[in-house]
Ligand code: SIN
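Next up: a single chain in structure tokens, the form predicted alone.
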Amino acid sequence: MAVAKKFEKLVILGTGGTIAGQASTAQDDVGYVAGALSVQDVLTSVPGVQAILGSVQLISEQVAQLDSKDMDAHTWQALALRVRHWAAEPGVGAILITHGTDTLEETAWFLAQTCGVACPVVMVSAMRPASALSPDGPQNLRDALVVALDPRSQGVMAVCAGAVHAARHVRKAHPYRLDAFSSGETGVQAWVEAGQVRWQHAPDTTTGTAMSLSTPQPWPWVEVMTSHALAHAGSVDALVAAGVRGLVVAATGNGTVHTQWVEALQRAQAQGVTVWISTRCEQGQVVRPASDVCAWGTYTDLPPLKARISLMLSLMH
């Protein structure tokens, strides 16, 4: 396998998730404890790691051990700082991150926006715990190693079920099947086939901005609100009264919002709350005429969950 020049070390950071999960019986694929195993334990279950790595040294570090549904600001901050630390180390050619599937798309976008590193960051997950009769984690991790070593890899990516997704487009599309992720109408970046990467699209070269995350700081409260039939203005007013600083509206269709919310959102903006408008549709993005300027919000081409992260970071910096 061709390895990028000066690629001497590959770092894998563990954060827990199903890939490190344990159940009481091998037959139980859903009633397990996520993040029960260390990243080193997970690595020992993957056959042929050294054959894939060749002369590249593998370094592992445990950053967190949690169920990704409980992802918090402290872990995001710690993870981003460790990514930056290792990316600056001489000889480190790529960084892998084991992560739960539930919020992987959010962590991927957060890292893509904040790390500002040149080396690829490859996130890997599993839908079955390590204790399952047929766990998918070992194969996913093998595939992630192959992607990390590929000299064309760039940016933040997610590898699962033989598919490589860009941070910008990846989203969890199914609650339990092994091929749980989708990149929507854009399609996957690449496929991993028989130990080789077949690229469909050029890797995303966006490296984000290395924002100041070294000292604790308050994270602005931003919520996603989904516009729907029978919407009530009181839900917007309640969040504003409670101190929310930003709202991302997952609008119906092409950026339309229930009439009951319009005045409430205008009041919110008048009180200093930043409002972004996305769409609740799983594919595509809001497309408005050039002359259509919203008086109480800003249209974004990001899906709601990723728009929320970008808005938080915007309010922070």
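One rule holds for the numbers: they count along the sequence shown, beginning at 1. Note that the structure is predicted; figures quoted are calculated from it, not measured.
We do not show the form predicted in complex with the ligand, though everything after this point is about it.
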Only one of these stretches, 94 to 102, 115 to 123, 162 to 170, 240 to 248, has heavy atoms within 4.5 Å of the ligand in the predicted complex; which one is it?
94 to 102
Using 4.5 Å between non-hydrogen atoms, is Leu37 touching the ligand in the predicted complex?
no
Wondering, does Met157 line up within 4.5 Å of the ligand in the predicted complex on heavy atoms?
no
Just checking whether Met127 would be counted as a contact of the ligand in the predicted complex - the rule being heavy atoms within 4.5 angstroms.
yes
Given that the ligand is not shown alongside this chain, does Ser68 nevertheless sit within 4.5 Å of it in the predicted complex, heavy atom to heavy atom?
yes
